[in-house]
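Below, in structure tokens: the form predicted alone, a single chain.
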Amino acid sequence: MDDQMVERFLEDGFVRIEGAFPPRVAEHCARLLWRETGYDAEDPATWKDPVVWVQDMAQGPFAAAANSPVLHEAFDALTGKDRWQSRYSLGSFPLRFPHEEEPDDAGWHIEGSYVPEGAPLPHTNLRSRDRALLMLFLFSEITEADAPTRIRVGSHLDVPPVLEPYGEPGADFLTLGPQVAAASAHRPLAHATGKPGDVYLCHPFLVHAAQPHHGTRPRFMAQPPLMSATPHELDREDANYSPVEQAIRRGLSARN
């Protein structure tokens, strides 16, 4: 994680780290994920649904994938040393299979980070409460034919002005979805393609979307958050802003 990659993160809202964890670890993880689906990897006739959600895998290979030295170095560089929490499970896995049926989760959005007391849906606020990064872990080879996650490049800079009016409580992701989609509609498109072991580290405000899978190979990916150890601050006395915080400030400045 050099200065050039940090600057790319600030401008684009994401960086791809090739070989962030070993391919053999990705292979072990993929075998465990296949077992969770109940599908036969060699028999497409068993792939009944366009999306299979697998939750909270914390076996050894997943813990190893999340804790490579390369990733720890990158977490420090992007969120600030000691400002992120270690994790050993990888959250939710939207495993996408070639299918004629369209998925119902392909809209442009940002992720929710926390659930306020009494609220039914996850919220996000301007300081990205509790979430330091969105991460995309690739456990299969993903080309543009394999339903890669769609990314609006630079869209993380469009989101702070959308969030600012909601103050500290923030708003839920369904409320924010149409607004961040409209605010970022002018942005160029990229796809989260790559090989097993690659990881995309994304600003928590990066606008992204799934898409229908009309290819031939299943797409195995995890999309866990990197949780914050300390709150993000947008007005630090020492001006020691992390790149995540710098990007939020840039987005607010660009509005004016």
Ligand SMILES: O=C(O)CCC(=O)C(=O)O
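What you see is a predicted model; the values in this text were computed from it and never measured. For every residue, the number given is its place in the sequence shown, counted from 1.
There is another form of this protein, the form predicted in complex with this ligand, and it is not shown here; the text below is about that form.
- By the 4.5 Å heavy atom rule, the three marked residues Arg96, His208 and Arg219 all count as contacting this ligand in the predicted bound form.
- Of the residues Ser184, Thr79, Thr149, Ser113, just one reaches this ligand in the predicted bound form with a heavy atom at 4.5 Å or closer; this is Thr149.
- With the partner omitted from this view, the residue of Thr37, Ser68, Thr193, Gln223 that lies near this ligand in the predicted bound form is Gln223 [heavy atom within 4.5 Å].
- Heavy atoms of His109 reach within 4.5 Å of this ligand in the predicted bound form, making it an interface residue.
- With the partner left out here, this ligand still marks one of 158 to 166, 70 to 78, 113 to 121, 88 to 96 in the predicted bound form; by a 4.5 Å heavy atom cut-off that stretch is 88 to 96.
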